[in-house]
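One chain comes next, on its own, written out as structure tokens in the form predicted alone.
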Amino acid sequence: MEDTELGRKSLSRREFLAGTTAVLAGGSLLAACGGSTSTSSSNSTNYTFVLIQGVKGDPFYVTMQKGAQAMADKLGVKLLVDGPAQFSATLQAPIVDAYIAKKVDVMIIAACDKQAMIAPLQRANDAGIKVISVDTFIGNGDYANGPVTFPLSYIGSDNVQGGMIAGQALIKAIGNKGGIYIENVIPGISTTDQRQQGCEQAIKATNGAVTLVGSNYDNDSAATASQQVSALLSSNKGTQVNGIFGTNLFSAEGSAQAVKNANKQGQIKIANFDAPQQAINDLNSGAVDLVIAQKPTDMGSTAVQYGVYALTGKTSSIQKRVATGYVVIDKTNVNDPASQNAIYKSS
């Protein structure tokens, strides 16, 4: 997920190898097809799908929508798109209920909370709607053996792996020794929780050469992140910080501002998870040092294909877990075609 700042329309969203120019191969089964917005009449199925985004207007979800729409056009599916104005389960649950009432055939959703969205999506499933998770999951994400098994599939990045890649790249950037601080978003978001977990695993793997200085939650606000990091840098622990991992755009942006205010830009390395244009601008300006891009286009296109498989009896073609990959971007490869293609679209 690329999470957006609460109470503000998204400007951007939602996973760094030891060699930061690597592209990790994803498990996505389908390549995205373009971004057309019209539905096909020659291959009409009369199916209606809805893509419920984590938050409306966020470039991560806009990019996902393009992939979903391209596949919907190809397969003749009517695709509706909706989402809350903020990344909030409280706002997202009524949207789910509204599309249950509309009797859509398939609900593709980036759930805003892994626990709070179980009941609303269970209602959708009970109403005969096929439920597919993209980007985020409900329960523990193991739809084969976990506590929640009714969704057809979870299609999204391996966020533990993504956090570990981010941690590894950041560790290399700080010279393989020192301290790392993690600026996180909101407890209970599956993606960002796992990114922190993965980064902590990378730190632990250094056997003490790199330590975790601390972590905090900024409620998806760049301003709060800036305040928290500023307080850290002015404390006794401030001298221990050599790198900061921002688990989403706003966490990294706020951290970068605090580092700049402390006149430590360049001294403290910053890793930013997700690749909207703003993150690339921050990379080019030196505000951040690393950017990791997910593949939301693949998430959207695969989800629509899976929905059609489910409705046409091809369930053997559906995997319960599809892990999409990453593109790791730094100043050495930012202008490479693979990096440029990985930047999220704002419209």
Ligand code: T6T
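Throughout, we count residues from 1 along the sequence that is shown. Keep in mind that what you see is a predicted model, and the values were worked out from it rather than measured.
FYI, the form predicted in complex with alpha-D-tagatopyranose (T6T) isn't displayed, but the following is about it.
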According to a 4.5 angstroms non-hydrogen atom cut-off, is D274 in contact with alpha-D-tagatopyranose (T6T) in the predicted complex? yes
Report whether the minimum heavy atom distance between T191 and alpha-D-tagatopyranose (T6T) in the predicted complex is within 4.5 Å. yes
Close approach of Q294 to alpha-D-tagatopyranose (T6T) in the predicted complex, 4.5 Å, heavy atom: yes
For S255, is any heavy atom within 4.5 Å of alpha-D-tagatopyranose (T6T) in the predicted complex, or not? no
Work out which of the listed stretches, 96-104, 133-141, 205-213, 78-86, brings a heavy atom within 4.5 angstroms of alpha-D-tagatopyranose (T6T) in the predicted complex. 133-141
Among the candidates L249, V229, I180, A72, the residue which, in the predicted complex, approaches alpha-D-tagatopyranose (T6T) to within 4.5 Å (heavy atoms): L249
Using a 4.5 Å heavy atom cutoff, which residues in 47-64 contact alpha-D-tagatopyranose (T6T) in the predicted complex? It's fine if the answer is none. D58, F60, Y61
